[in-house]
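Next up: just one chain, as structure tokens, the form predicted on its own.
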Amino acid sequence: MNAFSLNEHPHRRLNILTGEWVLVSPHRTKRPWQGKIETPARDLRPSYDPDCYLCPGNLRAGGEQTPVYQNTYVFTNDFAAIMPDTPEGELQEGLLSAKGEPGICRVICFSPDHALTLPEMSEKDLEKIIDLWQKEYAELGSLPFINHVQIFENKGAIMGCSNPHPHGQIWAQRSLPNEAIKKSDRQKAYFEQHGKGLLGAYLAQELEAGERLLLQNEHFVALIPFWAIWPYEAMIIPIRQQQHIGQMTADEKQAFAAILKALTVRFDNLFETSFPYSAGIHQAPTDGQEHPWWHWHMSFYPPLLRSASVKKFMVGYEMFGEAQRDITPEQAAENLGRMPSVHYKNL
């Protein structure tokens, strides 16, 4: 009987932030890198699109006019999923339970340039986006009916993004959503037992191991988490424990912009395409309480598996059992880590 190997044998890995398991089947991909299936078409968009409701000066879908903004721009979503004037209400009929959920949805335009994406923007421009994230987190979180602020970006049509203009979203609401609850509970339990942060302890172990690290600067680390579900899932983690992005120093903000650009450039270079993903920042609730166990982080969930045209689908066993992956996180880190630091369009 051969000795057990993470690189050879099917196994399950624990996500320490959620308490959930992922099935890893490395034997299904004996050759972890099989190259591109086809050469993707270059993404050639104009810097200004008269039909884009997020471009400066254009009418939005809701009838409002977008101002001629120069850097970033934020507005309340014209078709918000949650609204601040939602009335108080609750349904409790036997096993049926529901309650009203007030909140605010905002859209953040990253740039007035319709053709750009985060990896193609300068670090200085990324800092302006981070500035706006910080401002919105603070302002929305200070509202009495807001206890959680979720900052995220859906990039690419394959991730359901209906407008290619560089933008992200913020959903702020009264209740903590499920993922935030799981991460908060796990971090709190570890903190109370060990007197230190869970993610900081995990980061120290990853820095010592080195095999899943992608990038590191003075203040941040980018890595493929041990429990990654998506093929090239990645995390950006601040080295100094911080509960939320508002606690970054000026130097840390610059370092965050630098590693954000460096990671997304490598994503694009992997298959020489505008790499789709859903990315989100998880940070402490805004309920006015202290949350010393929280360590904020940014996660990227990209669906591409083998090329610009081969997507990982979460179906079958993933829907009815648990998450499953073939390529190991270590193989993904090796593939992504060897990508050049210069964007493929500029090579």
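The numbering used is simple: start at 1 and walk along the sequence shown. This structure is a prediction, so every number in the text was calculated from the model and none was measured.
One more form of this protein exists, namely the form predicted in complex with a small molecule; it is left out here, but the text below deals with it.
In the predicted bound form, the small molecule sits within 4.5 Å of a heavy atom of Ala61. For the chain shown alone, Val107 is a contact residue for the small molecule in the predicted bound form, at least one non-hydrogen atom being within 4.5 angstroms. Although the partner is absent here, Thr273 is not a contact residue: none of its heavy atoms lies within 4.5 angstroms of the small molecule in the predicted bound form. At the 4.5 Å threshold, heavy atoms of Lys253 stay clear of the small molecule in the predicted bound form, well away from it. With the small molecule left out of view, the stretch that reaches within 4.5 Å of it through heavy atoms in the predicted bound form is, among 232 to 240, 128 to 136, 187 to 195, 70 to 78, 70 to 78. Gly160 is the sole member of Gly89, Gly210, Gly160, Pro177 with a non-hydrogen atom within 4.5 Å of the small molecule in the predicted bound form. With the partner omitted here, the residue from Gln169, Gln247, Asn147, Asn217 that has a non-hydrogen atom within 4.5 angstroms of the small molecule in the predicted bound form is Gln169.
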